[in-house]
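Quick heads-up: it's one chain on its own, the form predicted on its own, in structure tokens.
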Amino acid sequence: MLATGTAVDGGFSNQVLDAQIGFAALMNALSRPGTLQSPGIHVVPPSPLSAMTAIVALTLCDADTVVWLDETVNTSAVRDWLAFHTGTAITAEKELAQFAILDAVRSVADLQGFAAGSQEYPDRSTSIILQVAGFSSAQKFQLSGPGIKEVVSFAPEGLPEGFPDFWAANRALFPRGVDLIFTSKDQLAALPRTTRIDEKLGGHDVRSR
């Protein structure tokens, strides 16, 4: 039973067209790591779910998917909204989630414990949707790898200390590992497990392992 009547409001106005636009933006983000995408879709999810996070969830989630929510976004309003618009199930177990939505990451431990898939089925891993304030951090990453011609500068805000080491360890699991989708108020970007990052601080590069 829905907790509030607002659960039925604020989704895609044109289910087919909006889903196609959202999917195209996500595919561009995943195939071109670190590039910012701005799908022009209007949705109004319950706070603290951002509009861009909602677009990703509406595009990717359905009745056959399982989602984990961190404590900030795990509210009755968010659960009801997701249930009504996507039919997805919510789990309390990180390793069971196909998708995870995090509003804040205090340490790399918040990003750990999710399914990394197996050698036979690497797609059985968690895609982490991480809400960030924006993409103008002083801590910049130089990205390289598949989908990047040379390098791409990427500066998501609010990542914890030690993130480059976490990502290097995740990348070393390939073909296993998690993928990250970053969402701000009006933009999204992605960091697939195949992408290498170099941390650039104070004019010096710290190579990720």
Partner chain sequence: MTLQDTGLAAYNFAYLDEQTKRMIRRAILKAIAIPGYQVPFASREMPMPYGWGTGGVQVTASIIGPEDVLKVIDQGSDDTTNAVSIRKFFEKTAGVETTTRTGEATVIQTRHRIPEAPLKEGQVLVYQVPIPEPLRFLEPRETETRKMHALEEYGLMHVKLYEDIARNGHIATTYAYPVKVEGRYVMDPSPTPKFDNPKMDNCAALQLFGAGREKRIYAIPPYTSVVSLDFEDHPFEVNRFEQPCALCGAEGVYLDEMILDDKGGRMFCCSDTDFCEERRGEAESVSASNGEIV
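Everything numeric in this text was worked out from a predicted model, so none of it was measured. Residue numbers count along the first chain shown, from 1.
Another form, the form predicted together with the partner chain, is not on view; read the next lines as being about it.
- When you look in the model of the complex, the only residue of Val44, Ala169, Ile148, Leu36 with a non-hydrogen atom within 4.5 Å of the partner chain is Ile148.
- Contact with the partner chain in the model of the complex holds for none of Thr72, Gly134 and Gln187, as no heavy atom of theirs lies within 4.5 Å.
- The closest heavy atom approach of Gln119 to the partner chain in the model of the complex falls within 4.5 Å.
- Remark: Asp62 counts among the residues lining the partner chain in the model of the complex, judged by a heavy atom distance of 4.5 Å or less.
- Put simply, Gly11 is far from the partner chain in the model of the complex: not one heavy atom of it is within 4.5 Å.
- Heavy atoms of Lys140 never reach within 4.5 Å of the partner chain in the model of the complex, leaving it off the interface.
- In the model of the complex, Phe174, Pro175, Asp179 are the residues of 169-186 with at least one heavy atom within 4.5 Å of the partner chain, listed from first to last.
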